[in-house]
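Okay, so here's just one chain, in structure tokens, the form predicted on its own.
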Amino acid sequence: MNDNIVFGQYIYKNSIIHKIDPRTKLIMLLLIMIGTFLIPSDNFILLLIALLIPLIAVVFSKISIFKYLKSLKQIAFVMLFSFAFQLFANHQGKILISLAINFSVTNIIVAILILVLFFLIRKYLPFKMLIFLGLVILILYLFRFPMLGNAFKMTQINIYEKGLIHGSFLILRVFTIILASTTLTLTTKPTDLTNAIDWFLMPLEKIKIKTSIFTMMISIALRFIPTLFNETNKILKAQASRGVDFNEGKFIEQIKQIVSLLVPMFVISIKRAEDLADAMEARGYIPGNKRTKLVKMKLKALDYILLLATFTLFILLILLRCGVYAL
């Protein structure tokens, strides 16, 4: 399995976080997500308290912190774009930084050369997004100097206090949610997670809704997402060995190359679905029928303590949000 794929993976460790009941983890994740969005956009103290909960779970899970950071790789661009948008679009508060940008032919050529060089060698660079952000800052710094060519246009860029605060708060909020959800998937077996969801949806059985089918679909999806990613990487390497480059060529040619990736992916997915259906049928699985479980979930003293602490913090947050107390 590809180690770069974090979503859907489960890593076994003999840790206290792994032993927590999956229902407790789901409730804590839900409360953390809701509570994080309830925090006012300028209260970093409450947000740091919310971030402290998943950070403690990361430490006690005995899983490498780099595994958690890989979960941010897929949304790093979105986070940086959101931060930049808040930074330059929000004009509230006092001005912190004022930049005079000089657009000249030489400056533009240098910026294009830097970006082209980055995209040519990005495959061999670690921490691509951090390097790209550094290059953008370098280009903005170069544009301050008109001696690199006669400026034909000058623009004043101001960075305001509220823009920096809201941008930083947004990134920290997303980081808290991603860290908490990644902790759940890395420390909980897909079958245990499915059983927990099935337990929460059990009241729907009273109105004749077959929740077991829905939870089985979730379990299969979580189980096969890393597998399909792994198969995709194999197909990409096989296509590359045949001379296919998905980053070059005209737009029509790139579409044809993508089709050459999608067709075998659909074939592999259908083949795996058929094999899975045959295996489930051979083991006597009947959709909608009541199933027994080998290991029954049971809340322990630690689960009750964690739930009590999380609910207490959540209620205090609501009171603070409503203005009963001030922090």
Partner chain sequence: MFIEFKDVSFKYPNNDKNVIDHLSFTLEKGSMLAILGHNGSGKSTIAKLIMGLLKATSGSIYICDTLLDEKSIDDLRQKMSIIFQNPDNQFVGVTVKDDIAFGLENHQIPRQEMLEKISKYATLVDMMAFLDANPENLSGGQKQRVAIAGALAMETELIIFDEATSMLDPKGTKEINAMIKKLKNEHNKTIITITHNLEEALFADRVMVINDGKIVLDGSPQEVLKEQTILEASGLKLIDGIAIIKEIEKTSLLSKENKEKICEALWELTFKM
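Keep in mind that what you see is a predicted model, and the values were worked out from it rather than measured. Residue numbers count along the first chain shown, from 1. The term rigid core refers to the maximal set of C-alpha atoms that superpose within 1.5 Å between the two forms.
Note that the form predicted in complex with the partner chain isn't included here; everything after this is about it.
Of the candidate stretches 203-211, 75-83, 107-115, 225-233, only 225-233 has residues whose heavy atoms lie within 4.5 Å of the partner chain in the model of the complex. The listed set 302, 65, 276, 34 contains one residue whose heavy atoms approach the partner chain in the model of the complex to within 4.5 Å, identified as 276. Among the residues 45, 59, 286, 52, the one placing a heavy atom within 4.5 Å of the partner chain in the model of the complex is 286. Highlighted residues 271, 282 and 296: every one comes within 4.5 Å of the partner chain in the model of the complex, counting any heavy atom.
Among heavy atoms of residue 131, none comes within 4.5 Å of the partner chain in the model of the complex. Among residues of the shown chain, residue 90 is not one whose heavy atoms approach the partner chain to within 4.5 Å in the model of the complex. Proximity of residue 215 to the partner chain in the model of the complex: non-hydrogen atoms within 4.5 Å are absent; the residue sits far from the partner. Contact annotation for residue 168: none of its heavy atoms lies within 4.5 Å of the partner chain in the model of the complex.
Of the residues in 176-199, only 191 comes within 4.5 Å of the partner chain in the model of the complex through at least one heavy atom. Core-superposed comparison between this form and the one not shown: CA of residue 181 displaced by less than 2 Å. In a rigid-core overlay of the protein, residue 90 has its C-alpha displaced by under 2 Å between this form and the one not shown. Superposition of the core reveals a Cα shift of 2 Å or more for residue 219 between this form and the one not shown.
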